[in-house]
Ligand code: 3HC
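Single chain ahead, written as structure tokens, the form predicted alone.
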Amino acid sequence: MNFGVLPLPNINNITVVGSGIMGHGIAQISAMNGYDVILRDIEERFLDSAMNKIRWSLDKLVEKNKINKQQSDKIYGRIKPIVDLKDALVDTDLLIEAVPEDLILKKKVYSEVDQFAQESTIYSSNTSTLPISEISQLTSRPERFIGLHFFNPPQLMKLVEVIPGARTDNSIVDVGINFVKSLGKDPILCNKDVPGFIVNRIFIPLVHEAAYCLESDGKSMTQIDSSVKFKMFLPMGIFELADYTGLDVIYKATVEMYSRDKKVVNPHPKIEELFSSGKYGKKSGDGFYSYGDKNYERIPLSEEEAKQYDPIRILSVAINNAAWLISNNVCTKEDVELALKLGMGIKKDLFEIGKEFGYEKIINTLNQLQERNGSFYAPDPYLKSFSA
């Protein structure tokens, strides 16, 4: 955190549209790093709630001696909540749209933004799965449009995926990368606007794959989750991580990704079933696991239970999707590894884990799955370099 270090020379004033979890988090970290921020939403009550959460977050930082009270007040004072969109866009250098993942809603927002934004304003979207090229086409300035995918919670997560659309000017890509760096975050460039970008292209299919394993392998959720945590080095089990992320988020991301590319995910009906039942995970009290109305507690996983299950199928799908990103020049192997560390919390390089399991075994697993279940599982050519 720079706490007042001068922001980028061409970006001083930021407008964040949407004051939900992501929006108010992005507003806070921008203000913490020297930017003047307008936080815009459609009703005063949403903004009041967002500003209260920002104040609470800053107070926590004061309590932990990360900042002092004077700094906290200065940061809070840089954020101005505004309902009127025209007022919210006056002198804005960078617009960061953080409204819900609904293309129709985003189209409405950008049609209004286009009426009031000055010509020099750069547009960006915090979408986690919707194609940047499609969103940019909803605006009058696709050349000045960039994807900036922050991870939840933005105050803590270091990763931001930077995604140019088909018509994004290179200079805007540079601005996006430098802006992310100015926040003390780690930008990773997603060279192609593919469904799911980098992290979700790997994470979302894994949730579905784990559901298939639960259905077919005769093991419990905690055995599968323990194996993923202790053998694949995730911070928690895949079902637990899905509940933590939100099954509503995962379901909507699945629909958007699958509708654009049938080879990106093999949807399991369990995800739609949980979503349709209002079982969103941690936030609703029920998901794969049941939490009730008590405070969220970690699921008890153990190395003993991990010994009861071989997560080779889950690992094989993760590595295959990572390989696809590399062989299709979406990003480098180094970028994939960093993205998974920062975005999913994996504690060890994915391809190193693959080496320990054995690439011959991984390719054989994928070939068998392809024979039974179709081309989603076809081993990516990049994997051959590991098995040679």
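Remember, it's a predicted structure, so these values are computed and weren't measured experimentally. Position 1 is the first residue in the sequence shown; the rest follow in order.
Absent from the display: the form predicted in complex with the named molecule. The rest refers to it.
Interface residue remark: residue 291 is not counted as part of the site for the named molecule in the predicted complex, having no heavy atom within 4.5 Å.
At the 4.5 Å threshold, heavy atoms of residue 45 stay clear of the named molecule in the predicted complex, well away from it. Remark: residue 187 does not count among the residues lining the named molecule in the predicted complex, judged by a heavy atom distance of 4.5 Å or less. Interface residue remark: residue 153 is counted as part of the site for the named molecule in the predicted complex, having a heavy atom within 4.5 Å. The stretch in contact with the named molecule in the predicted complex, judged by heavy atoms within 4.5 Å, is 143 to 151, chosen from 310 to 318, 103 to 111, 85 to 93, 143 to 151. Checked against the named molecule in the predicted complex, the residues 241, 213, 206, 138 give one hit for a heavy atom within 4.5 Å, which is 241.
With the partner omitted here, the residue from 222, 200, 72, 266 that has a non-hydrogen atom within 4.5 angstroms of the named molecule in the predicted complex is 200. Contact residues in stretch 236 to 266 (any heavy atom within 4.5 Å of the named molecule, taken in the predicted complex) are 236, 241, 244, 245, 249.
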